[in-house]
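Take a look at this single chain in structure tokens; it is the form predicted alone.
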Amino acid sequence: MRGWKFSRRDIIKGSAALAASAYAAPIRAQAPASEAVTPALVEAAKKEGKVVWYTSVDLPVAEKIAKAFEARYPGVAPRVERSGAERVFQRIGQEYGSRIYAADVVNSSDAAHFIVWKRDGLLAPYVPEDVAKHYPADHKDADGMFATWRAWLSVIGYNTDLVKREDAPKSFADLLDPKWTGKIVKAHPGYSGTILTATFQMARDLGWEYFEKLAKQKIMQVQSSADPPKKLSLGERAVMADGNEYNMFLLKESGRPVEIVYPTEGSPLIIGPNGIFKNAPNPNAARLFQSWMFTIEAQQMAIEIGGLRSFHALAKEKPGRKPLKEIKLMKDDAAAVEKQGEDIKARYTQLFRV
């Protein structure tokens, strides 16, 4: 890992043959067999006593998931290390460059990270039983290196105390109306994997001309995709141009004055894989944690208390939320995000100077 650079431009040299998604074509002749949780694995995990999870999911959600795991497997204490996806990626690069191996399991809202980690040999193959049985092929890596632990959308939203339903924006194009000048909050692709992925999809489908116009709307610029929903809830801005759907669900269901808008042009789809690192300091606890995270128990919890979406075949959407099948989606393309990521961040930063 000596000399490893952290920008995508440097990291992806020679990666033109990558497949058109994070779930690349198999390298091995045969994918690894799935593994069930056994008493021996549980005991080995308890001897290690902990598991370290790097994640970009909002901290309150991550902590609830971690506590539920510990309740299921007492004696294995999860430690959550939460940051924006792009910061998680940089941190792991710095740690591995210094031969520091701290992370056991990693989750990122930028699926492109797993293309890099897999290609550079940082991930360990491990296929939980539920992944093998209940997940579609396009949401699990053919070599067993990772699978989609969570999914969600980047959405528009508004504060219902400040904006009437009939006046609310219904599309990305509506956000360009002069009446929203100085009233919009937006997250940053340089920090958030959700927003980097969403920015790629929107620039591809709407053109960079859209962002050039949006940048003239006197945007409140924040970092995480969790920030716009919170600013909206507090009434600091009337409308959000992007932000994660799951925080909006949680805020609305807790009685806060927010409402989700699924834009007519389509909502960017975001997937967040989980994978085990090859140099995990607690490998048995890592496998136990990875297995549990993909069970219907954990997936349904992520839906119910986390506001997330799941591709587990047995998962059920929470009543009152718009089903994914009824929403027009923009298409995700992790391989393209990996190749274009640094250019996207640079171009965006040039337009939205704070």
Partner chain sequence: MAALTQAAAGHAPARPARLDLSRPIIFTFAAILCVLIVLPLSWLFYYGFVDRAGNFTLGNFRQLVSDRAFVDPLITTFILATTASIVCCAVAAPIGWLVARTDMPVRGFVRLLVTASFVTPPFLGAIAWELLAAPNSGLLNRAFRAVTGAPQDEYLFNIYSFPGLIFVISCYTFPYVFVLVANSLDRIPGDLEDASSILGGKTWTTARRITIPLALPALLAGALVAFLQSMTLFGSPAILALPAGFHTMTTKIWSLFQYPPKPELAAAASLPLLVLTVVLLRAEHMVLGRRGYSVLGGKGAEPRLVRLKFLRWPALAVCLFVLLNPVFLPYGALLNATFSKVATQIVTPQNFTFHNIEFVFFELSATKLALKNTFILGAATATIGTLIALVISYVTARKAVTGHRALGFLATAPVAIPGIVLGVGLFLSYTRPPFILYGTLWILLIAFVTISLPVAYQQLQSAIRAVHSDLEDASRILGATRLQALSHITAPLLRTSVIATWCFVFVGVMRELSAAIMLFTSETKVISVLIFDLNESGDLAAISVLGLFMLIVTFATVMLANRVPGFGGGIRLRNH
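Just so it is clear, the model here is predicted, and its values are computed rather than measured. Positions refer to the first chain, counted from 1.
Although it is not shown, the form predicted in complex with its partner chain is what the next lines describe.
- Proximity of residue 213 to its partner chain in the predicted bound form falls outside the 4.5 Å heavy atom cutoff.
- Although the partner is absent here, residue 90 lies within 4.5 Å of its partner chain in the predicted bound form, judged by heavy atoms.
- Though the partner is left out of this view, residue 221 does reach within 4.5 Å of its partner chain in the predicted bound form, counting heavy atoms only.
- Using a 4.5 angstroms limit between non-hydrogen atoms, residue 59 touches its partner chain in the predicted bound form.
- None of 231, 252, 139, 118 but one reaches within 4.5 angstroms of its partner chain in the predicted bound form through a heavy atom, and that residue is 231.
- Though its partner chain is absent from this view, in the predicted bound form it lies within 4.5 Å of a heavy atom of just one residue from 259, 95, 174, 205, which is 95.
- The candidate spot formed by 129, 133 and 147 lies out of contact with its partner chain in the predicted bound form, as no residue has a heavy atom within 4.5 Å of it.
- Heavy atoms within 4.5 Å of its partner chain in the predicted bound form map, among the stretches 46-54, 303-311, 285-293, 33-41, onto 46-54 alone.
- The partner is not shown here, but in the predicted bound form the stretch 332-352 reaches within 4.5 angstroms of its partner chain through a heavy atom at 342, 345, 352.
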